[in-house]
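Shown next as structure tokens: one chain only, the form predicted alone.
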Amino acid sequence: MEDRFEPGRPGSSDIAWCPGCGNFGIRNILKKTFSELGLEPNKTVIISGIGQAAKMPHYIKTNAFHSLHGRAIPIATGVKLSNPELTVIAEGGDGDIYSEGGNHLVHAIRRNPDITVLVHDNQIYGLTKGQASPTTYPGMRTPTQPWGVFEEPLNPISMAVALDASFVARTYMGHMEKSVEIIKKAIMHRGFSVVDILHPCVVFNRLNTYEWYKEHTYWMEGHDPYDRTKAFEKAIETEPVPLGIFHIHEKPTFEEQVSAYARDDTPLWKRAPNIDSIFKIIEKMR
């Protein structure tokens, strides 16, 4: 494997994840995915929020922006709009994307920017020491739910299908080759792609372990992702948990419909500022 996606920043070789954390496997999956797609580090951008998963940009040599908690998706949308020539990935954990960033996920699905959202779903808050996340199963005891979680867990796949996201998939990081293929398809898909990546937290989640995922997940066979009704039927299955590509709906992207590109497809960052036009707009607003 090419090493161009190895850490390239001072001090970044010391990875601050617990031994055995599933994030190591996801990092290997991303390196392999980027290399097989032939992506160049200087033309690839990872935008992350806050959390253990959001540390990923520190450990892969690409362009990166470490944003506020839950804010990876709107920043990624802006980066792609400014320079559609880039491959843009928003990355975070189940708490970061589905809780703090849940509103941004919903409205990004509506807009359909051409970005890929990778969610490290370990069903717990790892960085802040084990609080329940939106996907934590009922009954699990945590520091903030000592009597056990009683809320119904969020089903991000059924939500994304219901909102007609243009590409919806789920994988488990323990299956490297299949995960690579799914993420490759998500990145190559033109439109908003969301991939829920199941993985264990070996310190704070003692339920959803490596063994648990082996016993409670299965790969869908013969599923047609272009049939939205069937996709939703699969999405609401919870035992065992289905893996694979659930839904694909090819439709116009956010960038294609923004008026700034209606007559000129030159990336915004390459355009010279037109001060006269700005003053004309201000005058019309008075």
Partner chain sequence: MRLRNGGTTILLCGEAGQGIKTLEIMLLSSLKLSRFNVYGTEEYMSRVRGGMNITEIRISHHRVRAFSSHADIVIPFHKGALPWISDRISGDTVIMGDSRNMEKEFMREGKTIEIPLTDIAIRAGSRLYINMVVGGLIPGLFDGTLKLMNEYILKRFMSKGKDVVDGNLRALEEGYALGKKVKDTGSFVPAVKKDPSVAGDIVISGTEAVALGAMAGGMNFLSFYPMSPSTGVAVFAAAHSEELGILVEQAEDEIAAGNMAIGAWYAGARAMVTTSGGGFSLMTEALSLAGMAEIPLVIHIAQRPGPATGLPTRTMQGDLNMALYAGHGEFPRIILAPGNMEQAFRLSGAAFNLAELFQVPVLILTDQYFVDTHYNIPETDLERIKRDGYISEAGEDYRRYILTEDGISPRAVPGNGKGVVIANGNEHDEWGDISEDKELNRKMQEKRAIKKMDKIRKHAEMPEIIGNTGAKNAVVSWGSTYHTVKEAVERLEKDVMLLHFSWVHPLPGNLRQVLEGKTIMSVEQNVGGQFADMLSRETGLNIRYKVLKYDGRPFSVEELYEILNSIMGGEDGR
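Keep in mind that this is a model prediction, so the values were computed, not measured. Positions refer to the first chain, counted from 1.
Just so you know, the form predicted in complex with its partner chain exists too; it's not on screen, but the next bit is about it.
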property	result
Non-hydrogen atom contact residue 175 with its partner chain in the predicted complex at 4.5 angstroms	no
Its partner chain contact in the predicted complex: residue 125, any heavy atom under 4.5 Å	yes
is_contact(residue 111, its partner chain) in the predicted complex, heavy atom dist at most 4.5 Å	yes
Close approach of residue 26 to its partner chain in the predicted complex, 4.5 Å, heavy atom	no
The unique member of 81, 195, 180, 140 whose heavy atoms fall within 4.5 Å of its partner chain in the predicted complex	81
Partner-facing stretch of 125-133, 180-188, 167-175, 211-219, counted where any non-hydrogen atom is within 4.5 angstroms of its partner chain in the predicted complex	125-133
Residues in 44-72 close to its partner chain in the predicted complex, defined by a heavy atom within 4.5 Å, in order	45, 47, 50, 52, 55, 58, 61, 62, 63, 64, 65, 66, 67, 68, 69, 71
